[in-house]
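A single chain comes next, written as structure tokens; it is the form predicted alone.
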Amino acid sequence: MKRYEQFAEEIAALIRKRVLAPGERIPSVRQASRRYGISPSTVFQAYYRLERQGLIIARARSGYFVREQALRLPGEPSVAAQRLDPAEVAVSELAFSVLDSLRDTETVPFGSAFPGPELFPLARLAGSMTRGLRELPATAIVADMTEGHADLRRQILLRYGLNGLSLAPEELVITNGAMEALSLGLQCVTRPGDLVAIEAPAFYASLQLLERFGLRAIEIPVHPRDGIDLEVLEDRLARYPIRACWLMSHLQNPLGASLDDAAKRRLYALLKRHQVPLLEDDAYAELYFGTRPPRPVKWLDDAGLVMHCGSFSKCLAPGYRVGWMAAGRFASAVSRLRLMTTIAPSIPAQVAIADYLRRGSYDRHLRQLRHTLQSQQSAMLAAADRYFPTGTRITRPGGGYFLWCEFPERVDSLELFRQALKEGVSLAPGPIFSATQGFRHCARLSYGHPWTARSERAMETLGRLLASF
């Protein structure tokens, strides 16, 4: 074990033995560094690991504390073995059935892919749009169409810079959300019939795009805490002519897994050796619960192989559909393909977000959003502990707004989905996250909407339905 892993296990053992009790403050980074004779960096890595394990929680300007339900949390899901052979993809009908279930506003939206609109500053964004359009020169409406709104581009480049990544402006392509960016990148580096390495389980929209473009999937298992299995990926890259790799290095959907910096370096070295482009889907980058923002694989990219895709949809402005790609060596091809399809994202939406970012409210909003999501995660985990059957295993992500539940194998999550929907509760069944429709006894639940008595009753309903299998 590495030193930070050893130190993390030492703290975890103190928590399990109740030497450090739920709610108790643990040593600060400075105190731990002095007491244990290790560097502050090692302490940070250990605490970040404990956060991802659901054992501790960071509180702004207060330090780290043992989570109240740290000793009662169910175990984490296992890593499922995946088939070696390439797979044809056919999940769209399943995915659309889940999406259709969310149209009824009376349904508890545990299957939703977006947080609740109540969590976003929509009124302030509307004010920013009005103000920004009033100040926008008439010529910019057309002039900004191809490159994107100039001020928005500056704000995005600034955020990259503040996170330690100096990005060449010509790399940046503004898109209609992250999904368009990912779609364009995929089209630029593949042809029908090509193989694409994806995660298992994977975000269902990535599977839908592979299906749409006639691509075949090579599934790579994902550890619920540590991310994609790099040994399996290395084996697949050696065995097959993989043309692209699509993954989330941070807060992976649906598991919430994150690669640490060492794993990111190893991943990039693998892709660079095989000259395989990476589509890095980083839509949840701003929703981390820790004290330090994660750096993407793009941070290591010295060969232009990484197409880093982000969006404001999950953290600020759902429905505005403004995203981007730092496209590396593929920037020109991606930009031209976008011009041949959608031409440009909405200029008013870009203007609104640029004005909002320029006025300095974004980071304050993000701090509040992270705090809210962290509280809602704790509420859902506690409810799962109360109502779900023995043997249920649940992820404890260090951010985002999804929990991945692995139920006892007797449970059929597609049948659970149908029964729950009849009782006014939606969820996302495991098979929609797999090219081979695996994970049949698993489901993704969203804690992205405000937690209410209705949410609690919905968890109790799911527990009752689960007990019937």
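It should be emphasised that the depicted structure is a prediction, and the values quoted were computed from it without experimental measurement. From 1 onward, residues are counted along the sequence shown.
The following text describes the form predicted together with another copy of the chain, which does not appear among the structures shown.
- The three marked residues, Ser41, Pro241 and Trp299, fail to reach another copy of the chain in the predicted complex, with no heavy atom of any inside 4.5 Å.
- When another copy of the chain is considered in the predicted complex, Thr341 lines it closely, a heavy atom lying within 4.5 Å.
- Looking at Ser258, you'd find every heavy atom of it more than 4.5 angstroms from another copy of the chain in the predicted complex.
- By the criterion of a heavy atom within 4.5 Å, Phe213 is counted among the residues contacting another copy of the chain in the predicted complex.
- Using a 4.5 angstroms threshold between heavy atoms, Thr291 stays clear of another copy of the chain in the predicted complex.
- Checked against another copy of the chain in the predicted complex, the candidates Arg336, Arg273, Arg154, Arg329 yield a single residue with a heavy atom inside 4.5 Å, and that residue is Arg336.
- Met129 is the sole member of Leu165, Leu366, Ala379, Met129 with a non-hydrogen atom within 4.5 Å of another copy of the chain in the predicted complex.
- The candidate stretches are 221-229, 172-180, 367-375, 380-388, and the one lying within 4.5 Å of another copy of the chain in the predicted complex by heavy atoms is 172-180.
- Residues from 318-337 that approach another copy of the chain in the predicted complex with a non-hydrogen atom closer than or equal to 4.5 Å are Pro318, Gly319, Tyr320, Arg321, Arg336, Leu337, in the order they occur in the chain.
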